[in-house]
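This document opens with one chain alone, in structure tokens, the form predicted on its own.
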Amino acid sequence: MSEVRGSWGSKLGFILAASGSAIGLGNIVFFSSNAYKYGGGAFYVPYLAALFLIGIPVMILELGTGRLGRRSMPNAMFQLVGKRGELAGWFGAFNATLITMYYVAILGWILGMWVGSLGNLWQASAIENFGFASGELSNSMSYFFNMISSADPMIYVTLIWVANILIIIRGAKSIEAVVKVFVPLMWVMMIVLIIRGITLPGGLQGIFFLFTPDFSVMGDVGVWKGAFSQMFFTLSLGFGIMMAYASYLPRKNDDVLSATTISLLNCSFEYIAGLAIFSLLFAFAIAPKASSLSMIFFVVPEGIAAVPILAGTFGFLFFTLLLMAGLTSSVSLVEAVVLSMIDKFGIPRVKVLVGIFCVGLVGSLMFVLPIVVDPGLNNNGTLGFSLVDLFDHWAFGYGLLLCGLLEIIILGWLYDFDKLLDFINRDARVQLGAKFKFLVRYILPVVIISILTLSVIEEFQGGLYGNAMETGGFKGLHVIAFLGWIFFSVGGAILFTALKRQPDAEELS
């Protein structure tokens, strides 16, 4: 007989867990990177459009579906439309698993930088330049490339996976206990960084730039594409996370209010993160590249190192913030996959966790392989870093949008959408009607298909992503990465859809 499914101890616990999932590395650095690239405050226009056009509506759908089905994404979709829905759900689950693997690898590098911040990371004279690089590197770049070309990240990645398993070992109960500490602390730390940033000479100029829009960039399709893609990632949509978390909710819940609260908390955090990052960049006249990884490991640390006093303290604070934000996101990614396995096969949680740990750790170790393939640092330096770059392009750039599109088509067209809408409206203060139905059925598919079409056109025009990347003796790595993404996400979805389902699969918390 199956044990009773776990549940959140409080509504606050659910909101903090869901917002903790949404608040991650992308909020702290990727949003700021896009805003800098796309005209400062002008980026807020398409970003806010994406929030209300896609973000909140899809969040409502995912929460409603998870609560209605009382299952994780593949199993909830199976209940609604059968095998077709399950196949789409498993595609999302396996795509999310791949993202989890390299996300944990990035967290391993952050843990390495955190360890360095306790020692000589902020002392330029104590760090030798990356042995294989030509020219001079900043201190943070030297430290980072020395670290990733060693075996140390393999230890860090193992520790991050252990932390994830320990946090989700009791399901909703243990996750809630952690997020109640981590999420408030993240807000406090970010506010401290803002205060320090704006009190530095030139810091306020960064704030002025952030809130002084350059509307001339509004005609650039890339601005809108960047904003809408960012919205799926920043709100953890298309991962199956929100369906999994919503399945722990009671039968009565205001999904419209919950989705709006989570989305606004997430976006508010991004806005204040922009204040902190921009004040540091302008205080030290640093021009960032439009890359979240360069912002994390090179740009912001370079600014922190130049802080007149307590640079080490603020550096430690920055990487502690990144670790907490990354863990609240990676935990939700792992839990979504774990719950998908439990729901379909009825396997006890501990056994699933052991399997996920073994498979996930092997995958993450692949992304931190310290083999140097690019000594001149024209691209990524090591084999592991190159693999992160390549797989992220497909799993994040295409996988999330594809999963979101499949969700919308299934819920809007293949399922009785009025039934789902009635279920959501039953406990909602704000009632959703014909306009919301039209938005889901027509507007959202057109928007996402347009974004994907533009991406594919760019792909054909420039050649398969990574074709010019320095990969040493590993020829055709960009092709292998593309095929690997297809094999893992699509192949895994087909296999797990075909496997026999446990008739009465409940979570064994």
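Everything numeric here is computed off the predicted structure, so don't read it as measured data. Numbers follow the displayed sequence, beginning with 1.
There is another form of this protein, the form predicted together with tryptophan, and it is not shown here; the text below is about that form.
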Please pick, from A88, L333, A172, L107, the one residue with any non-hydrogen atom lying within 4.5 angstroms of tryptophan in the predicted bound form.
L333
F233, F391, Y156, W114 - the one with a heavy atom within 4.5 Å of tryptophan in the predicted bound form:
F233
Based on heavy atom distances of at most 4.5 Å to tryptophan in the predicted bound form, which listed stretch, 358-366, 140-148, 234-242, 309-317, is the contact stretch?
234-242
Taking heavy atoms and a 4.5 Å cut-off, does N27 contact tryptophan in the predicted bound form?
yes
Residue-level question: is S247 within 4.5 Å of tryptophan in the predicted bound form, judged on heavy atoms?
no
Given that the partner is absent here, does L16 sit within 4.5 Å of tryptophan in the predicted bound form, heavy atoms only?
no
Is S329 close enough to touch tryptophan in the predicted bound form, meaning at least one heavy atom pair within 4.5 Å?
yes
All of A22, Y103 and L400 with a heavy atom within 4.5 Å of tryptophan in the predicted bound form:
yes
